[in-house]
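Form predicted on its own, single chain, as structure tokens, below.
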Amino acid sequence: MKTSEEYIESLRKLNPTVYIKGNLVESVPDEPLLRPGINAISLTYDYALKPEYRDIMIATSHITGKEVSRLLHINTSKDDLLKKLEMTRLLCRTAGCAQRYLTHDALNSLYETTHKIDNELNTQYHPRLLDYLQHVQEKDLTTCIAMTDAKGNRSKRPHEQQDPDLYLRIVGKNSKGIVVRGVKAIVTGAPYTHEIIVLPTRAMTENDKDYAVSFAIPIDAKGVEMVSRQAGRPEDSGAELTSRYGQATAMILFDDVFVPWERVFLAGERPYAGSLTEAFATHHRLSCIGCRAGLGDMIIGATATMADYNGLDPQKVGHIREKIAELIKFVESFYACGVASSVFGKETPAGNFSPDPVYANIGKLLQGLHIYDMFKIAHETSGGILVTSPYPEDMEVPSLKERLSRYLKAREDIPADHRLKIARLLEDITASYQGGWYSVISIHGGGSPEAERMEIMRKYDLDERRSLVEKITGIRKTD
């Protein structure tokens, strides 16, 4: 497995076309605006080599028998699902969003879906996926997942759009492979990954079959261009977390990109586009639960510390205790859904284990909706200093330093700079540009609340609950 240094060095061997703020990035690993994102991915490599995290971070590949990063592992038991959840929380309570778990979710969803397609259509997608899986495991790669299309007019299907390239589609096939054109609109961490895994974004009709496509290509494949956001708040002295760890998202433009058949996992078999989308959503929503629980750990810790530094003991002051307990309730309730989703996960016909979709979607729905409640508690408990404190540079001005340190102290035994660091951390993750980003990504990343409600209703056994009432009341449903 790679060290973080080897991961960064491996990026130097790639030459993706990336634009940020109108400028072409000359070297991804040397671009300051991407450094927090690279640091976040680097953490996944560092933690895999730490003995204390070995049980969570490392797994044994069922195809090679070798030790691999759990982020590249196919779940072969319910215990794997639980450890994946724990791993995600562990990484994200330091990095905010570790991003690389998306690779795990895509590989597992492709594993079960390609097996299903081959069994029903006698195709050869699953062996290709196994070869690709061995490739990413042996080289310890990080992939981005290009799933969300631009979508255009939301009331129209892909083939009905005025511009046919608003969804990524197949525009050519030959004996060597396929050619694709279009856009993927929200791709996490794309600039600083090794490869792109493309997945469909929705179920397709027969007229949409050219949009039913999945494949993997190098990040610097010919015809691929990216327009990226910066990662976090790089070089911002007041950003306690996101100046170090952040996440970039990119639009990826595909201009007649060739993909060899050995890297194609779906090519026009439109009934399986929905199956693949649904499989990925289930795996990924479990990851989202772990990720936001990690962020929640930060918010709980910082909010309790800030109250304490203000002179209000969270264990003794009633209204503070109530708010912290509420914050804990939000975080641990959606995390508990993740645990339940893992415990009640089931083995697929392909042999991998998939989370229970009802609990995964309930947990994702709770974390998305309650992120605003979590922020509110942090703001109400901590006070206006979150957004009004001086910049670190102001605290170093000789004529101001002593007076500001006196005036910004609350508890007599806590230095002002300690209190300010906690305030800046809470501002960073709840009230800054990055705080707004966390709120939007929590509610929409991995699927919107409406998508989660729909999936809950599809997968929940409502008929069984109705039959229970029929037994109690003696009322029978009429034919």
Ligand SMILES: Cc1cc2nc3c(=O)[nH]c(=O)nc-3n(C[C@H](O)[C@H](O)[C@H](O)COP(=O)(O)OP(=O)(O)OC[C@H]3O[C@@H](n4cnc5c(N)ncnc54)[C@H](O)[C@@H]3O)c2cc1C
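For every residue, the number given is its place in the sequence shown, counted from 1. Small disclaimer: the values here were computed from a predicted structure and weren't measured.
Keep in mind the form predicted together with the named molecule is missing from the figure; the text below concerns it.
Chemist: Tell me, yes or no, whether residue 377 is in contact with the named molecule in the predicted bound form, where a contact means a heavy atom of each within 4.5 Å.
Modeler: Residue 377: no, not in contact with the named molecule in the predicted bound form.
Chemist: Is it the case that residue 437, even though its partner is missing from this view, gets within 4.5 Å of the named molecule in the predicted bound form, heavy atoms only?
Modeler: Yes, residue 437 sits close enough to the named molecule in the predicted bound form that at least one of its heavy atoms falls within 4.5 Å.
Chemist: Residue 102 near the named molecule in the predicted bound form, any heavy atom under 4.5 Å?
Modeler: Yes, residue 102 sits close enough to the named molecule in the predicted bound form that at least one of its heavy atoms falls within 4.5 Å.
Chemist: Would residue 450 show up as a contact with the named molecule in the predicted bound form if we use heavy atoms at 4.5 Å?
Modeler: Yes - in the predicted bound form, heavy atoms of residue 450 and the named molecule come within 4.5 Å of each other.
Chemist: Considering 381, 277, 230, 148, which brings a non-hydrogen atom within 4.5 Å of the named molecule in the predicted bound form?
Modeler: Looking at the other structure, the residue within range turns out to be 148.
Chemist: Which one of 243, 188, 310, 352 is close to the named molecule in the predicted bound form, taking close to mean a heavy atom within 4.5 Å?
Modeler: Here the answer is residue option 188.
Chemist: Partner absent here, but in the predicted bound form, which of 258 to 266, 170 to 178, 343 to 351, 139 to 147 has residues with a heavy atom within 4.5 Å of the named molecule?
Modeler: Contact-bearing stretch, as computed: 139 to 147.
Chemist: For this chain shown on its own, do 3, 54 and 294 all sit within 4.5 Å of the named molecule in the predicted bound form, going by heavy atoms?
Modeler: Spot residues vs the named molecule: no contact at all.
Chemist: Hey, which residues along 13 to 52 are within 4.5 angstroms of the named molecule in the predicted bound form, non-hydrogen atoms only?
Modeler: Residues within 4.5 Å: none in this stretch.
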